[in-house]
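The chain below stands alone, shown as structure tokens; this is the form predicted on its own.
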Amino acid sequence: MSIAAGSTSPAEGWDTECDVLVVGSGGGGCTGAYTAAALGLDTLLIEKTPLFGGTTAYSGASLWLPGNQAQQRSGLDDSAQRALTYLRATVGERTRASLQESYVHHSAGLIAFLEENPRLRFRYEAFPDYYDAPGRFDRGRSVVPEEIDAEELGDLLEVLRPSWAADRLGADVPRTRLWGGQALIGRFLLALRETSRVRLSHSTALDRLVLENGRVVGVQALRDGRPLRIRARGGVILAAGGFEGSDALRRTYQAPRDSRWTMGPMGANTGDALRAGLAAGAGTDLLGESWWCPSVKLDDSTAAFTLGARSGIFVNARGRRFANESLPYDRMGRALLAQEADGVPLPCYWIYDGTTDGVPPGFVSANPTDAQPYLDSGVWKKADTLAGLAEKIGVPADELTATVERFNTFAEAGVDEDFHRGEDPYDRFFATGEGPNPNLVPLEKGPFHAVPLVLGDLGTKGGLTTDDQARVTTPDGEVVPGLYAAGNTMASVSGLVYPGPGVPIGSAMVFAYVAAKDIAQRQED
């Protein structure tokens, strides 16, 4: 997986060269590299860490790509126009209409292009859009990669970043049948290896962009700490993630946020591409934004992404509910932000009763099956009574008791009068309870549990500004020749919202695809 000699001798002053240089190996980077190679371009992909896949490898790999043929095979009657109606209704004018159109109108073509390769296969999987807005599909419109047997990857499995629990926690997670982000990156690695036009180089970090007469002509990278100059004849695609792993950049752009609670790979997404783009004169947008999520605190430096609370309630430091616990994760993250803005400190707490064997009743990326280690460490709390639990977490006992009693009356009646939990298709997608509203499960049986929830993220979403062809632009809107951006290196097309499952990876793939096509067209011209 190291850099091999190019098809021609490098020009003087360069260590190697290519037509297209892709920085980053997540869903966007792999798409850009594969597209460029399939269009006949000599392509080099560099990855900062020893493992390929980025944050995408941790994900479920839902892809919000409207109107594609994988949806059609399932019988879903989606269209670009319906999806564009939904995107405009949720994102509004925070991002350019033409950028939103570019995303939606290239989505179906991307899947058709990828599925020309038998290694790259997708299927529809129900997962509701996140907002009640015109153009929504209540069952969702996302597609996911087909699963794949790990043995098909051979030695590529050794350089595929494992799941979050395995990579970040050292958990023993079997790797026999790969799904989600593991399947997506695994399939891409196979497709990339099988083309003769792609070279992969891990442990190769972007240092800076090289410009000549205002045009980006290559990069200086660091491989094993040694400078490496790479010439890119056609262009450079930056798809290297965001800056969620950099405390310095987060302090600069996101107030007191730090990197402890991010779901990004440790040491990977530290804003190298953002810094390089800024030095090259690029404009930026949305730097204060992230793909927010509530995260279960595991210790003082680790928290695990959570969604789909099947039971229990979330209370703040005052012992009160503050939102619909079944909200999509980014919307719940913004509810946590609102608590801070109102002067209520985090963490908040997931309160649930003794019917769960002590583990949080919902999906948690750490996949805890035993609560005892976290109880022994003192991070999670339990008590026989609500008053005793309130004392342990430092909230007013009378408030917590009254909050639970009020919620239990809602559960009995089937109507959440405060936050309307269970009324939206997204809420009901995860519900497993019984009674008049399966999202409202009473808290009655001790012992009672409290798990701290902090404000986490799936990565930052602000970055370099681009035009509709993914070309990086200056603060004045002028194109920086030879430079493209996609994924979390690019200022997101979705602005201040997270419209539906798969928008981050789906948009990353689309704009990397668009970038590679633009480079190919310019090379041909």
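Fair warning: this is a prediction, and the values are worked out from it, not measured in the lab. The first residue of the sequence shown is number 1, and the count goes up from there.
Although not depicted, the form predicted together with a small molecule is the subject of the following passage.
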property	result
Which of 484-492, 66-74, 32-40, 468-476 lines the interface with the small molecule in the predicted bound form (heavy atom within 4.5 Å)	484-492
The small molecule contact in the predicted bound form: Asn269, any heavy atom under 4.5 Å	yes
Touches the small molecule in the predicted bound form: Gly60 (any heavy atom, 4.5 Å)	yes
In the predicted bound form, Cys18 touching the small molecule (heavy atom, 4.5 Å)	no
Partner proximity in the predicted bound form: Gly28 to the small molecule, non-hydrogen atom cutoff 4.5 Å	yes
Site check Pro294, Tyr349 and Val451: each within 4.5 Å of the small molecule in the predicted bound form by heavy atom	no
Among the candidates Leu464, Leu458, Leu44, Val480, the residue which, in the predicted bound form, approaches the small molecule to within 4.5 Å (heavy atoms)	Leu458
